[in-house]
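Before any questions on binding or motion, here is one chain by itself as structure tokens, the form predicted alone.
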């Protein structure tokens, strides 16, 4: 792949803000700023609306200084959740729980006993994480039917609550997280907030005057689309997703967010309803890299309830300020330059590489020779583990149970037929085929061997001196729902996971960072893949990149009146920051 440095047009430093167009405040500059949050225009307390677009550090500082209270913040987010209900981002809104948590947080702040940067901060959780006392459905009739309410919290949920975070609700997904569009859950598809953004609608008006805008809404990507939409629409500041083959990074790219898949074993999976045990990782969705690092710092570490978690103590994830990238080596995998890759994504990928090169970094083409086998290998291993994991839903212990009582076998069959959708049943059938005695060696065992070769490809590249790999996250920008459903789930997942699933099979950390808007005014993200358990180094590089490109914040003035002040405030925040 050839990179023309002369064609690089990526913006560096701060950009001029025109016409109220807000821009993400560079995380590096936040360190200079968060100790003193500016008061409102009249010198009084800040409005809740002006806080919605700020970073976790800034909001935490405002809470500590009394410019805003956790209850006010919670109420404003709940208000926006109600106004954006049509996005279908949430399955369950835990209003009473969140307000009670906000009340407790407020008491702590009054006493000066804040639990940390997440105390009083609204967050959301994907509905495949167990939440004590709150229904968990996995967007499936199998759990929805009888209203499965877990008796315990997933470890990651408990860690967030222990830090004082406010749980706004459980977010929508593809059924049992099997999909790449958040379109196949029993509660219906999730709509991408960018469908209603000023940036996208203005571009559409220039191209067409006859199409019905409301019927041509865009998908969020998946399977953590509800979490992505929740963060993108300002209903919360961070959200948990899960990532088995790209389910956090894919919707992050389509919704203009940072989507982090930590190293396998760095974050506990206990309480995450399993899809593929050997690849599942809790993911993090935020509006900037620094926010993702803060959440990761809370979640990372050994869990006695998950034997796959790292045993060594985990240091706090404080990202050092990176100003000089001349000592970095960025790898560009040549196998990722596929024919299906859109020209816009290809161009931005090239510009990103040129950006690093222009700042003194070494950018080299590398080879991951077994990439062509990875998506097939992933399919065999994924469906095999799905078949095994889904066996627990038998109609006896919990969840849906049919009314047929002719025989145990008939009850099993009817329960699973009624409880699972076509996508889940199809993956179970595929997996059971691969696990048959006569097929086991030729499919499952062989796929495990290929998985080792794929992992070794990454080891070889990183041992050669490469610090991080730079790749696309998705083949293109988000597509309209009507176009997305023309292909079946399996075909779509194979296409959409092409750049992301290899990191899961190798257990590596990866993060999608929004880079720019397409010609249609939609987000395009790029992916950084790092060495195993070098998540801090990966995020440090990602934050430098984020600061250079200055991705614009979504403009939802037409969707929500309350959002106008969010964007006006971004102008204030950007001007207040000093380099």
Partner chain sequence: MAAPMLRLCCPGRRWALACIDGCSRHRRGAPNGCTSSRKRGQSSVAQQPFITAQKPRKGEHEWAAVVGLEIHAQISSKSKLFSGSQVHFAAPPNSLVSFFDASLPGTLPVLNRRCVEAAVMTGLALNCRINKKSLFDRKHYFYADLPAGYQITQQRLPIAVNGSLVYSFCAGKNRSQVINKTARVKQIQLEQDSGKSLHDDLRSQTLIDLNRAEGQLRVDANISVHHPGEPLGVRTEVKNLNSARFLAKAIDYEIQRQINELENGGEILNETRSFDSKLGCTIPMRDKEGKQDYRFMPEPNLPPLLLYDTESLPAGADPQQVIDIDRIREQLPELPSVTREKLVQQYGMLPEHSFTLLNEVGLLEFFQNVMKETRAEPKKVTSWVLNTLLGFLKQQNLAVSESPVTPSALAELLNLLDRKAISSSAAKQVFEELWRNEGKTPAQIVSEKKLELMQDQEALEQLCHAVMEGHPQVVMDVKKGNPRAINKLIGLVRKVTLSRADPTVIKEILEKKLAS
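Residue numbers count along the first chain shown, from 1. Just so it is clear, the structure is predicted and the values come from calculations on it, not from any experiment.
Beyond the structure shown, there is the form predicted together with its partner chain, which is absent from this document and is the topic of what follows.
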Picking from 321, 75, 388, 367, the single residue whose non-hydrogen atoms come within 4.5 angstroms of its partner chain in the predicted complex is 388
In the predicted complex, the residue from 306, 487, 422, 418 with a non-hydrogen atom within 4.5 Å of its partner chain is 306
(Q) For its partner chain, considered in the predicted complex: do all three of 206, 339 and 474 come within 4.5 Å of it, counting heavy atoms only? (A) no
message: Contact with its partner chain in the predicted complex for residue 436, defined as at least one heavy atom pair within 4.5 Å: yes or no?
response: yes
Would you check, heavy atoms only and a 4.5 Å threshold, whether residue 397 touches its partner chain in the predicted complex?
yes
Flag residue 427 as yes or no: does it have a non-hydrogen atom within 4.5 angstroms of any non-hydrogen atom of its partner chain in the predicted complex? no
Could you tell me if residue 92 has a non-hydrogen atom within 4.5 Å of its partner chain in the predicted complex? no
Within 4.5 Å of its partner chain in the predicted complex by heavy atoms, the stretch out of 324-332, 306-314, 494-502, 179-187 is 306-314
Across 240-268, the residues having a non-hydrogen atom within 4.5 Å of its partner chain in the predicted complex turn out to be 264
